[in-house]
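The form predicted alone is given below as one chain in structure tokens.
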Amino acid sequence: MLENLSRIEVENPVDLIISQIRDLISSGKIKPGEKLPPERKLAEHFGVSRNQVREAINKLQIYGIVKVQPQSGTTVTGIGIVAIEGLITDILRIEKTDFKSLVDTRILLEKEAARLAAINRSNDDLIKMNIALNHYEGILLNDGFAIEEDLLFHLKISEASKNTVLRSLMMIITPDILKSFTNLKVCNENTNKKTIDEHRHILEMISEKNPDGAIEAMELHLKDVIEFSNK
């Protein structure tokens, strides 16, 4: 009998917060340059914790939809409606086939970003990638999970590619792929060290302006992601 019953999915409060804020921006009720209410007031209004509000705002910031400035609050950026709709992967359940398609697309973007970064990167880009990678390693070794920090390192690579369209596409499709992969993967000291070594190798190839080496290093790093999506 149980096989005839469907599992009930309860929506994550963070996804619902993101959905409502996204709708306000999409409809023009919140315009670029305007500030969101403080976290405390948002938490009271939604009936959720401040940590859940903060997580939602952090994800919105990763997508570039809002900008958080210390002591100044959270401001809506001028991002377009098409990019905002990229949050669809946060608020809707993705079918397995669609998830695999997203992963396949990510592979293409990541490899091209690494190749272009090796060609176009500046010294300033190298500094930013090193800072992001060091921060990722510190969080990963202390907590075992560093989802946002991992994403930010990859976004720094896409920034170094000097291809703004590629970077925007990365921002849209990567966060939830990365979160799903990291949450379902068994992480331990060995896998963490492996990931760190792979990141270091990618950065080394980019630093040496070796596009072919950067592609190969990124392919090796994404091997587990490909295997995960094929399960």
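Position 1 is the first residue in the sequence shown; the rest follow in order. Values in this document were obtained by computation on a predicted structure and should not be read as measured data. C-alpha atoms forming the largest set that superposes within 1.5 Å between two forms make up the rigid core.
Omitted from view is the form predicted together with the DNA, to which the following refers.
Participant: Within a 4.5 Å heavy atom cut-off, is Asn142 in contact with the DNA in the predicted bound form?
Facilitator: No - in the predicted bound form, heavy atoms of Asn142 and the DNA never come within 4.5 Å of each other.
Participant: I'd like to know whether Ile196 contacts the DNA in the predicted bound form, with contact meaning heavy atoms within 4.5 angstroms.
Facilitator: Output for Ile196 is no: heavy atoms all beyond 4.5 Å of the DNA.
Participant: Are any of the heavy atoms in Arg50 no more than 4.5 Å from a heavy atom of the DNA in the predicted bound form?
Facilitator: Taking the distances in the predicted bound form, the answer for Arg50 is yes, it comes within 4.5 Å of the DNA.
Participant: Looking at the partner-bound form in the predicted bound form, is Pro70 within 4.5 Å of the DNA by any heavy atom?
Facilitator: Taking the distances in the predicted bound form, the answer for Pro70 is yes, it comes within 4.5 Å of the DNA.
Participant: Pick from 51-59, 25-33, 201-209, 160-168: which stretch has a heavy atom within 4.5 Å of the DNA in the predicted bound form?
Facilitator: In short, 51-59.
Participant: What are the residues of 14-34, in order along the chain, with a heavy atom within 4.5 Å of the DNA in the predicted bound form?
Facilitator: Contacting residues: none.
Participant: Honestly, after the rigid core fit, is Gln52 moving at least 2 Å at Cα between this form and the one not shown?
Facilitator: Where the cores coincide, Gln52 still shows a C-alpha shift between this form and the one not shown that is 2 Å or more.
Participant: For a quick test of reading the superposition: does Glu39 move by 2 Å or more at the CA between this form and the one not shown, rigid core aligned?
Facilitator: Glu39: C-alpha displaced by 2 Å or more between this form and the one not shown.
Participant: Classify Ser122 as shifted (yes) or not shifted (no) between this form and the one not shown, where shifted means its C-alpha moves by 2 Å or more with the rigid core superposed.
Facilitator: Moves: no, less than 2 Å.
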